[in-house]
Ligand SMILES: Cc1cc2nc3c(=O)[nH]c(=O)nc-3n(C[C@H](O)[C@H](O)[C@H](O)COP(=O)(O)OP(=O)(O)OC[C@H]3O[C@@H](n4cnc5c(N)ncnc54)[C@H](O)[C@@H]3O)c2cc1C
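The chain below stands alone and is given as structure tokens, in the form predicted on its own.
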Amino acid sequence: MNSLTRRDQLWHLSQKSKVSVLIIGAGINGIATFRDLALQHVDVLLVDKGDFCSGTSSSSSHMIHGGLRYLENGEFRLVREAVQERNRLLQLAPHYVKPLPTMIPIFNWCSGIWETAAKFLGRSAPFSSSTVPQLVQSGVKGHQRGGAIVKLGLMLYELWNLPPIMTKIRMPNHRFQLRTSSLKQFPELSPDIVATAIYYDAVVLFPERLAIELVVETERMSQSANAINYLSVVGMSDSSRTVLLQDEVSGKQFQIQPELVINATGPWIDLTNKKLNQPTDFIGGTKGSHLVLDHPQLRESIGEHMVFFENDDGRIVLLLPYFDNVIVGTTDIRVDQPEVCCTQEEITYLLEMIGRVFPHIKVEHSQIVYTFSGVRPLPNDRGMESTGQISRDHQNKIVKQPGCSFPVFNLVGGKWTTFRTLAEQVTDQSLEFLGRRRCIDTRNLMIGGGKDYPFKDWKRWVDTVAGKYQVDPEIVRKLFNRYGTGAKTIIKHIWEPLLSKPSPHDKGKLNDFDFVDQTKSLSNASSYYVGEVRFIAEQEKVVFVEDFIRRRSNLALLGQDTPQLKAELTEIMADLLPC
């Protein structure tokens, strides 16, 4: 079991000069590959210049889906793989991945047939989605998919809904509702609709937590696996075999000689390869931005359904229920740099598109509690006029420059839903290169708090844990909803000491925090507990307070990222942070 602190890991790195595989980039694809390789007993080092899952992987629409619209591009293999991986994740990570009923508003029955056929045959779309301002100002109308096209698409989509072997999950089939029934269920919906279609995909409630659980449990299972955040690649040494790494906290540099490098830096792939003296031009990314709204009326209007529809300009957009808030997305704009933010033009575009489906609901800028934006690491296909036609499939592009002692595997494309299959593919290729064989399969390996998940009777699980540690069942339920069965470890950490309080003469041997009420709620985020925060800071590689607010919790996404919260968390975690 690897239970080293970050400081210990850096010390061991300074004493170590070689590793079989160096993975650069700790987004979901890099993390999944790290996990799969470690399970095959490969010594592997995962590094990232930022925190785990802090780049593109933290900027998703929170959907786990097969990609209904990819059918228009003829990407049947990708859709089949994604649908089955969606069903698999519902079983392997049930604490974070949940079924998501999705509603498509339909405004006519027959439009879009010829345009969809042309797109399927590889013809260009009638316009480019290159910039938001041009589309907003031009008022250009994209082809709207009518009920006939939506029906055909959903029928094809569900061909692959049959569960693969060993996966018991199967989503319900779609259904259509005519205008009267639709408006009865969604009263604020535009009266211009002729029908709605209801089908099922899935939502990942805490994508960053799913990622960090993969990291932590991988290190616990393998002595030869090490993951270090805020450790960047700065270049090569004079030797063609040595990669230079730098700790972004202390500035200290390290040298490592890998047999194989896996570049999983997403939109930074080409920039990373330049540092490795292996220049490439693989990425032609597009930017996707989202808003999070605190809007009770809109939240009530969509209920527990995601609203998924085509805006007037032809873009696919969505309204996703997220606890008491609504996530609104997304844009699809070509960009040439990996660092992006949500612009005012995008905000205007996203707010205006809500009126397309809910014309009587007004949204103010003041109701935006959070924005996030990322770059999709799509393949360089700048000749494609429409960004929507660029493939979302994943591929491994292998580079080996003369004079360099190691090849670089470049993970281009991919999506949250298919992280496991991408990792499986790259691991198999890595094992072949290293001359090793696979010994463990990940297809049915539970993830984090999904282990021993009580699918049928979670209430009994809650009552059992509450009774054992003498905790209010409501607290257990809250933590179970947040961490799945992993909640038991946190509850044990916080409440078990209370069952046998230390005697006064032991006080001098203990940390001050052993005598602080760790069951106390935070003053600025009452759903979290002091002991819970300290446990996560200690066990989940938190380096900065921001890591907890944005990626170990969903406090930022819920609009609770305040100076007061930062100050409180800093005081609670101060003795546990490495900086």
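As the structure is a prediction and not an experimental result, all values here were calculated from the model. Numbers for residues come from their place in the sequence shown, where the first is 1.
Note that the form predicted together with the ligand isn't included here; everything after this is about it.
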Is Lys397 a contact residue for the ligand in the model of the complex, using a 4.5 Å heavy atom cut-off?
no
Would you please decide whether Ser553 lies within 4.5 angstroms of the ligand in the model of the complex, comparing each non-hydrogen atom pair?
no
May I ask you to state whether Gly50 is within 4.5 Å of the ligand in the model of the complex, using heavy atom distances?
yes
His62: touches the ligand in the model of the complex, heavy atom cutoff 4.5 angstroms:
yes
One residue of Leu231, Leu350, Ala423, Val326 in contact with the ligand, assessed in the model of the complex (non-hydrogen atom, 4.5 angstroms)
Leu231
Since exactly one of Val216, Val375, Ala487, Leu260 fits, which has a heavy atom within 4.5 Å of the ligand in the model of the complex?
Val375
The chain here is shown without the ligand. Which stretch in 491 to 499, 148 to 156, 265 to 273, 467 to 475 comes within 4.5 angstroms of it in the model of the complex, by heavy atom distance?
265 to 273
Stretch 9 to 34: residues contacting the ligand in the model of the complex, 4.5 Å heavy atom cut-off:
Ile24, Gly25, Ala26, Gly27, Ile28, Asn29, Gly30
